[in-house]
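Have a look below at one chain only, the form predicted on its own, in structure tokens format.
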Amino acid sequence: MRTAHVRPARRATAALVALALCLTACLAGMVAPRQASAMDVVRCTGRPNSSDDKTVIQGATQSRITFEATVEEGEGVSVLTLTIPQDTTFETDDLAVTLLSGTDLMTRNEVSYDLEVVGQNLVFNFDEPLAQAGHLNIIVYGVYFPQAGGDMQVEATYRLASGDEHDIEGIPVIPVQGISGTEALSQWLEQQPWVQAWNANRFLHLFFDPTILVTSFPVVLNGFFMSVAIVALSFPLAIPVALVLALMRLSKFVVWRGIATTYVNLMRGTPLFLQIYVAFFGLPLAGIQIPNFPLGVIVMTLNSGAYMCEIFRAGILSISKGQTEAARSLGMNRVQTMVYVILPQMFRIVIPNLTNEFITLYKDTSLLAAVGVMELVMYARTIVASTGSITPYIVAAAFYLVITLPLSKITRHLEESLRGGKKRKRASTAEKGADAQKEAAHA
């Protein structure tokens, strides 16, 4: 009976010992140091090159790549191949290859090598295998990452003196921010000697910087479209408003005439800038919320309508009363006479003045920049605030001239045509008078 009790105890003891040995082996495997590679990456970075954000790397802009990896004592690295990302250009004239050694890695040791460039691969054949412990630091200058940007992955492999080849794993990607075509062109212009000589002149740099001219053009173009959209809506809307006001001012009913006169005098007698401020800051205080764009159209419509009212009124008064009398003699009432006889003649007369009003309205959209409407001047002012150059305002002026100069020429042509028509009419009347005199003389 005693022997029977001892055997199970021995078996349990043996099982515990076996389990302890297994646990010891597992723990030993877990804490055993990993065999280090001959080279491990320390860092792989690009130099930030954005003028706006000092931490951003932009594509199509000069940068550099800094690659650093450890070198183990006595390993003897004989060849290192560094693969630059696709579509990335680089220079090889001023490569910096240094072995940083010492406990603080402050000792710089120049490394002798022969360089072979194969496509995107930089192959460093070291004259003497690297056997000293330290950090191998390589800087590639004149790097231009792709314009589209993205995560740029640098790859590296090395060969030991024994002939074994290995990859360096865990190399971090270099995040590159894409840029537009105009920004790429601006970066290219900035490197040109003639642009640098041009910008050396303070006046030219402040008002006509080619690099800012290129980048501000597409931005200000958005404001140009916004200004054109405001005018394209407010000008047609102002025509019926002005026509109604003009008819009210010509009305024999004192109340209508007084309302129209008061409105026209109020709008023409106060600055448009003040009217914009009242609308954009006064209406919200009164609980009336209107988005900026439609509110800008409304203000411009109401202001332009007051000025066009006087144009229409003068045009109507310039029509001979004989036209009205002739129409009434044909049985037309007042409305028919105005619609079919007076207004068609009036519009032909006032076309040059309406063109001038359109030009004025287009230029006055610049005042909306003061209340945050993103039109032409507002976009230009945003760029000026970030660059400190007046060049964007020059670009905005060019966009104004694109509209105003052709319209001014059209206005002059219309005025000359009207004057020519009047001269021909007078000449025709004079000829008829002369013919009548001759007929009377013969009689």
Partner chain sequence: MAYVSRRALCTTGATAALACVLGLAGCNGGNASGTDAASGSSAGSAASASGDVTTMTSGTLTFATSPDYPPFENLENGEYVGLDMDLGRAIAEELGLECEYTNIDFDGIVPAIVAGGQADAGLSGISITPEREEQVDFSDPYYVDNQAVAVMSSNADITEDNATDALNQEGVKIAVQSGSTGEAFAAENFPNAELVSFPNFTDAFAAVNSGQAVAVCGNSAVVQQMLSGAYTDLHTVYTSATGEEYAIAVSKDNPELLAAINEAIATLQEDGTLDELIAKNMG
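If you superpose the two forms and keep the largest set of C-alpha atoms that fall within 1.5 Å, you have the rigid core. These figures come from a predicted structure and were not determined experimentally. Positions refer to the first chain, counted from 1.
Absent from the display: the form predicted together with the partner chain. The rest refers to it.
Asks: Using a 4.5 Å heavy atom cut-off, which of 254-262, 354-362, 76-84, 223-231 contacts the partner chain in the predicted complex?
Replies: Of the options, only 354-362 has residues within 4.5 Å of the partner.
Asks: At 4.5 Å between heavy atoms, is residue 307 in contact with the partner chain in the predicted complex?
Replies: Yes - in the predicted complex, heavy atoms of residue 307 and the partner chain come within 4.5 Å of each other.
Asks: With the partner left out here, check for me: in the predicted complex, does some heavy atom of residue 120 sit within 4.5 Å of the partner chain?
Replies: Residue-level check for residue 120: no, no contact with the partner chain.
Asks: Taking the shortest heavy atom distance, is residue 367 within 4.5 Å of the partner chain in the predicted complex?
Replies: Yes, residue 367 sits close enough to the partner chain in the predicted complex that at least one of its heavy atoms falls within 4.5 Å.
Asks: Is residue 284 a contact residue for the partner chain in the predicted complex, using a 4.5 Å heavy atom cut-off?
Replies: Residue 284: yes, in contact with the partner chain in the predicted complex.
Asks: The partner chain isn't shown here, but in the predicted complex which of 213, 332, 160, 311 has a heavy atom within 4.5 Å of it?
Replies: By the 4.5 Å criterion, the partner-contacting residue is 311.
Asks: If you check 241, 341, 371, 179 against the partner chain in the predicted complex, which one has a heavy atom within 4.5 Å?
Replies: Checked against the cut-off, the match is 371.
Asks: Which residues in 376-413 have a heavy atom within 4.5 Å of the partner chain in the predicted complex?
Replies: Those in contact are 377, 378, 381, 382, 384, 385, 386, 387, 388, 389, 390, 393.
Asks: Comparing between this form and the one not shown on the rigid core, is the C-alpha shift at residue 100 2 Å or larger?
Replies: Result for residue 100: yes, a 2 Å-plus shift.
Asks: Taking the rigid core as reference, does residue 56 move its C-alpha 2 Å or further between this form and the one not shown?
Replies: Indeed, residue 56 is displaced by 2 Å or more.
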